[in-house]
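Shown next as structure tokens: one chain only, the form predicted on its own.
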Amino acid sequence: MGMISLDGVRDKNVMQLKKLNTALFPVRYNDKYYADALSSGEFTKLAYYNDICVGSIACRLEKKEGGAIRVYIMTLGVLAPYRGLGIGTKLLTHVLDLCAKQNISEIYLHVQTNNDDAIAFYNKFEFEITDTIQNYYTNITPSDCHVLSQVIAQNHRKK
């Protein structure tokens, strides 16, 4: 078994996140994405497998009316040769545990409608399709996305 470790994203290693995103996703992310990722603190992580950077999760913290925070997962990805080793699970459970500790009750993301692997992955963590948005993506097909959401029970996995 290889060793999986998580590390925070900071100015000095944000290039790692940029490289991963280029390898993983058909979308180019702008400066605001990286600013949001950096300002989310512990909610954005790089994953290392035997000291090789192989995956990441990047979140944005959003204030709702009334001041409650919800978490938007901007990206979660693991390089293809390293999938199925529990790395994505470790990244997502890290964020879900943080939500529970900080009493954040809502977390959501967008997934391309044909991305069955991702939808199945999030279903394992009790995310549900709560909406579908037509023409969400530009320049990729299909252009529609599902919104996957989870409302986190406040007694969820209190450590």
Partner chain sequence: MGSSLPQKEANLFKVIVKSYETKQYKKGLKAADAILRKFPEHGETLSMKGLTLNCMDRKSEAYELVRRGLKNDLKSHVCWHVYGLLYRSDREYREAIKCYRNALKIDPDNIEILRDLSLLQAQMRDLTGFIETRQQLLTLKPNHRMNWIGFAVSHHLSSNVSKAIEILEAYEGTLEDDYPPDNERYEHGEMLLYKISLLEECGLLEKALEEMQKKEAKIVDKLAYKEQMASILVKLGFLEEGEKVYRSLLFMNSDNYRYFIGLQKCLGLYSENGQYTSDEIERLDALYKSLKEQYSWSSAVKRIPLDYLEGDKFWEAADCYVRPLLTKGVPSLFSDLSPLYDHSGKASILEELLLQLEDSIRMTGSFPGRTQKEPPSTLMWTLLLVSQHYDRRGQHDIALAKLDEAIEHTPTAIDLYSVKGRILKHAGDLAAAASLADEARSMDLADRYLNSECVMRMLQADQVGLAERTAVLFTKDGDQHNNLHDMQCMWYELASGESYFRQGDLGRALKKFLAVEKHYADMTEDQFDFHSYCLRKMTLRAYVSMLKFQDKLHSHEYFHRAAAGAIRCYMKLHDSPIKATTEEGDEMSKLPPSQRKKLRQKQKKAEARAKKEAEEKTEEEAFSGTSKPGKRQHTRPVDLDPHGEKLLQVEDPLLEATKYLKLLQNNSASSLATHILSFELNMRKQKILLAFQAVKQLLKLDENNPDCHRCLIRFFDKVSSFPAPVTDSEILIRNVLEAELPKISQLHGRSLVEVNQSFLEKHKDSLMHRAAAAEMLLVLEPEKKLEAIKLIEDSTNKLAPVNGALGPVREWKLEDCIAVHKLLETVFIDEDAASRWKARCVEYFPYSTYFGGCRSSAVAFSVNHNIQNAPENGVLAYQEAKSEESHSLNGKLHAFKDLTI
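All values reported here derive from a predicted model rather than from experimental measurement. Residue numbers count along the first chain shown, from 1.
What comes next is about the form predicted in complex with the partner chain, which does not appear here.
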| property | result |
| --- | --- |
| Touches the partner chain in the predicted bound form: V151 (any heavy atom, 4.5 Å) | no |
| Exercise: H110 in contact with the partner chain in the predicted bound form, heavy atom 4.5 Å | yes |
| is_contact(D117, the partner chain) in the predicted bound form, heavy atom dist at most 4.5 Å | yes |
| Partner contact for T22 in the predicted bound form: the partner chain, 4.5 angstroms, heavy atom | yes |
| Position in contact with the partner chain when the complex is considered in the predicted bound form, options I69, V27, I133, I129, heavy atoms within 4.5 Å | V27 |
| Complete contact of C53, M74 and Y122 with the partner chain in the predicted bound form (any heavy atom, 4.5 Å) | yes |
| Residues within 4.5 Å of the partner chain in the predicted bound form, restricted to 70-99 and counted by heavy atom | Y72, I73, M74, T75, L76, G77, V78, L79, A80, P81, Y82, R83, L85, G88 |
